[in-house]
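Just the one chain here, laid out as structure tokens, in the form predicted alone.
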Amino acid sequence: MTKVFLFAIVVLLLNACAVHAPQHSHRGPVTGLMAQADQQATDGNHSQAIALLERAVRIEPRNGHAWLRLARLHFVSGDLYKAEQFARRATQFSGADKMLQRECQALLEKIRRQSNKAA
């Protein structure tokens, strides 16, 4: 009886540790490509950053964050058409991520304002 009781306590403690253990984020290839793209953009290499993000969305086409970064780079580069298309794609894949949805809408508003100035 005592062994069963001790076993039950050990199992419960192990389960509690597993539930409260810190979760480590998985760094996959898309995360690495996005980090490289951020660095390239910071260094002013927008075309290289765009190429990295295009690769990221080919690997993970439903990644709204990658699409938004790609849209922002096209906006900064002056390609409003691609910026709008990619911002809409980011919105499409934003799911329940309210912050991503707000960022997409903010970029789309900037694109509209910029388009109206150019017209």
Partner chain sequence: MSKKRRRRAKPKPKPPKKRLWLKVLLMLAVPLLLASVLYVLYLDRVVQSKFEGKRWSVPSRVYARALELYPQQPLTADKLLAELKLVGYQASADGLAPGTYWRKGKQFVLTTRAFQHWDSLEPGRSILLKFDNKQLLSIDDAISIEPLSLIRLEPMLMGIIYPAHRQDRVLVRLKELPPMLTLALQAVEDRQFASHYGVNFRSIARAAWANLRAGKVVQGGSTLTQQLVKNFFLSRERSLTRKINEAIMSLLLELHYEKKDILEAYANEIYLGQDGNRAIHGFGLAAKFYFNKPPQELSIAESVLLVAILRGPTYYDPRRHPQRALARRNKLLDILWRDGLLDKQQAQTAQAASLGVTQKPNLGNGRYPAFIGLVKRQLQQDYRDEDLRSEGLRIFTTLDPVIQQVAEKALTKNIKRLEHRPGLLEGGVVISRLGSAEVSAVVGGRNPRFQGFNRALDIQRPVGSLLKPALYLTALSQPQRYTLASLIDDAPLELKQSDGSVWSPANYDHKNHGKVLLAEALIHSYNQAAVRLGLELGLAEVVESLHSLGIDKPIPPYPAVMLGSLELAPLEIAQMYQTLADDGFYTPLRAVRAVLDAKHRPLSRYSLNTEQRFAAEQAFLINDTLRMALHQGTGQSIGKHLPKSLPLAGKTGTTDDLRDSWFAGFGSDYLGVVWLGNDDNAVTGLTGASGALPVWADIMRQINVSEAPPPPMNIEYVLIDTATGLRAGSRCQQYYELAFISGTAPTEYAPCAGGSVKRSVKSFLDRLKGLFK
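Everything numeric in this text was worked out from a predicted model, so none of it was measured. Positions refer to the first chain, counted from 1.
Another form exists, predicted in complex with its partner chain; not displayed. Remarks below refer to it.
Mapping the unseen interface onto this chain, residue 65 falls outside it, with no heavy atom inside 4.5 Å of its partner chain in the model of the complex.
Proximity of residue 41 to its partner chain in the model of the complex falls outside the 4.5 Å heavy atom cutoff. Mapping the unseen interface onto this chain, residue 73 falls outside it, with no heavy atom inside 4.5 Å of its partner chain in the model of the complex. Under a 4.5 angstroms non-hydrogen atom cutoff, its partner chain in the model of the complex has residue 96 among its neighbouring residues. Every residue of the trio 33, 55 and 58 has some heavy atom no more than 4.5 Å from its partner chain in the model of the complex. The partner is not shown here, but in the model of the complex the stretch 63 to 89 reaches within 4.5 angstroms of its partner chain through a heavy atom at 67, 70, 81, 82, 85, 86, 88, 89.
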